Structure formats: structure tokens, C-alpha cells
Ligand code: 13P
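As C-alpha cells, one chain now follows by itself in the form predicted alone.
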């Protein structure tokens, strides 16, 4: 089936009380792994691509792979720009066939974030592309957690009253990258934000969070969970430490990469089960 919008996927997740995995993809292998895992689990899924890749051919290559795979699948799949920096990346995503975009104004003042996000929502509305925004900055896992950056439920309500977005990424205790200290999500804050705004909530920095924390966050209202670091770790673990005289070095590249894809598929299937989206497609 054709790619679908983020609105459609997350509306179903809201009704069903589960979260849709949003796996960051970088090449054909990661896209193939996403579809293999999702097909086996019958799960809706989001293929997303980081902002940096829109300044090379990588975002286009991922789009070609995802659109082709979706055309052969019966699963609902969205193609998403992750952490869009501005109009340039958003326009490139729209031109390449992405069905949703994130505009990240989380490091700006509240007023500047509203202004930047509103400009993108007006642009995206003309072509039916969904928009995710971020309020409360999700930082890096290798830095000290800044609780002052956590999303305020009242501010979230004010934000969505001023800007029509389809999903809101919130800062509730997660971070991007590899955690040095086990994260603890503010579940009560998630529930309060969800109660205030009603929109599907997005959890960034979904790698490395204990499963009980993830499941509690989903129960409180998280409907999209971004997973990037752990996808890369699954990829690397398939050949980390491989000796130069290992027989795998003599394999054709496609056969060598099958091991890598299989490792990612195993990891992604596990996340689908934890997020509760299996069997929903």
C-alpha cells in the first residue's frame, strides 16, 4: 500500500493504546530490516531519517527504498523527517515523498518555537504532510539531565492552542544517545500533558530505556517512540570484533550484510513487542 500519514498511524495507536516504533534508517539494510520486523509482527511502523541526511543523497536513497517496500506491503508505514532544522529540510522531505516532518524549535524561546513551527504547519498543510513539533528540549544522554527543560503541561496546552500540530515530542526524562545512568521517565508528567492536550505524544531517546518504563510511558499516552542508537548498536554488534582472517570476509557483500540485517530485525521485533504495536496492522 502507499505510504500513509503520521496522523493516520498515530490516531490508530491512540485508539488502541499502543506506541508505534519510529526506527531511524540510514541505508537499504536498515529499511529492509524495518520492513522484515514489521511484516513478521504485523505492526505499523515509521521509517524516519535524521535531518543531517537531507544534505546528501542518503535521505533520497532511504525514501526510494521505503516507498518501494511500502508498495509491496499491506502495512501502514509513514516516512518521517526527524529533527528537521528548518524550511530547507522540510521542503526537501516533501519533494522526496516523505509523509510527515518534524520541526525542532525546542532550543528556541517559547514564542520563537511557536513562530517557527507555525510556518512549517502552514507549508505542510498545503500538501497534506503531518507535522511533529517539540516542546521541552530533549538533550544528550552524555550530559547532565536538565529538569528545567522538562515539558510543562500548561505550556504544552498553550503551544497546541497556538499551533496546529499532529504530534508533540516532549521532554520527560529521556535523552539522545547512550545513557551513563539508567533513565527514569516522569510518567505522571506524561499523563498530565496527555490529559491537557489530547494529542499523540512522542518520546525521543527511546534507546536504552528499561522496558517497564517504556510500557508505563505508553500507558500514560506516548504513541510514537524514536529508536536510533540501539538500531546502530544492533548493526555494529553483528560484526564488531570480526578478525581479518574470519571466513565472513570472503563473502559477497550482500550475504555479509544479511547477518547485519538479521541482527537488526531481531532487535526491532523485540521493540515492537514491548511497544505493543504487534498485530495492529
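All figures in this text were calculated on a predicted structure; none of them were measured in a lab. Numbering follows the first chain given and starts at 1.
This next part talks about the form predicted together with this ligand, which is not shown.
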| query | finding |
| --- | --- |
| Every residue of 50, 177 and 204 near this ligand in the predicted complex, heavy atom within 4.5 Å | yes |
| Contacting member of 228, 36, 65, 238, with respect to this ligand in the predicted complex [4.5 Å, heavy atom] | 228 |
| One stretch from 192-200, 160-168, 206-214, 67-75 that, in the predicted complex, holds residues within 4.5 Å of this ligand by heavy atom | 206-214 |
| Residue 89 within 4.5 Å of this ligand in the predicted complex, heavy atoms | no |
| Sequence-ordered list of residues in 64-87 near this ligand in the predicted complex, where near means a heavy atom within 4.5 Å | 82, 83 |
